[in-house]
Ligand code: SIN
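A single chain, nothing else alongside it, follows as C-alpha cells in the form predicted alone.
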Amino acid sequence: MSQIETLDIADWAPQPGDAESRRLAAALEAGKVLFLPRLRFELQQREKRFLDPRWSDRKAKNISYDPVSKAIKGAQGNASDLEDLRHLVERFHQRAVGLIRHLLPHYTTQLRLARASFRPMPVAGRASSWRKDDSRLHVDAFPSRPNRGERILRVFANVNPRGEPRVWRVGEPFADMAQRFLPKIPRQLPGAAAVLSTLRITKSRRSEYDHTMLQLHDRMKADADYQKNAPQQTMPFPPGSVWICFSDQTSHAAMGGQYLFEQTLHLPVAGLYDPQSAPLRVLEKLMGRALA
C-alpha cells in the first residue's frame, strides 16, 4: 500500500470541509505523506537570485527563520539582501502555517510554531557521519532536544528552477518498523537522563520515549540490510509541489534535489484527531508501559 496520499489542491487557503479534514488527518496520522503536486510556492522575480548556494554561510545546514524573533540565521550577504531573504522565508512560513490551519483546523489552537528554513545546498555529495546522513531511512529524533512525545509536523516545498525533483524514499508504517527494532533496544540507564540534563547535553530531561526514538533513529540508519530491503517507495517531488508529513512517524530519506523550503510545527499528542496514532502511544502499546 502506498504511503503517499495525493491531493488536488492548488490554493494555500483551501476549504476542505470537516469530513475531508478528518480523512486527511487520518492519512497523515497514519504516517502517510500528503502530496500536493499543484500547490506552488512562487518566488518573485527579484527573489530568484536567492536560488544560489552562495547565500549560505556554510556554517549551518540551512538558512533558518525564527517566527518569534523574526531573525534569519545561516545566511550571508549585505544587510539589504539579507532583509529581502528574511522576507522570502517569512512569506513561506506564513503560507505553510496557513495551509495547515485550513487543511487541519483541529490542530490550530495547539500548534506551536518552530523555525522555517530555506535549503539552497544540494543533497547529493553532502559529507556527513552516518547518524547525520539523511539519505538513510529514518524517523526524526534529536539528541539534544527531548520532546516527550510532542509531534513533529513538517511542510516542504520544492522550488528548484531547473526542473530537478526532491527525491525521497518513504518507508514502511511506524509500528512495523518499531516492531523490527524494539527487541534490540536496551532501556535507558538509571540516572542517565538527569546527568545529561545537568551537563546541559540535553535541553531538558530525556524521557524513555526520547531514548527509544533516538535508538530507533540510529538503528535504522546503521542497518545496511534494512536500508536496502525494507518496504519502501521512491518518490520524486517535482518543482512546484508541496508535501506534508509527521517526520517523527514517517520513515523517510532524502536522496537528491536542491532548493527547498521547509516549515516545522509542533503539536502535543492531545492535539491530534486520533491521539492513539501518535508514536508515543504506539510505542507504549508495544512496550506495555508509559514512556513519558
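Residue positions are given as counts along the sequence shown, with the first one as 1. Quantities reported herein were computed from a predicted structural model and do not represent experimental measurements.
Not on display, but discussed next: the form predicted together with the named molecule.
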| field | Which of 201-209, 178-186, 97-105, 152-160 lines the interface with the named molecule in the model of the complex (heavy atom within 4.5 Å) | value | 152-160
| message | Taking the named molecule in the model of the complex, would H138, H252 and L260 all count as contacting it (heavy atom within 4.5 Å)? | response | yes
| in the model of the complex, the residue from E164, D84, D134, E90 that sits within 4.5 Å of the named molecule by heavy atoms | D134
| message | Pick out the residues of 105-120 whose heavy atoms come within 4.5 Å of the named molecule in the model of the complex. | response | R119
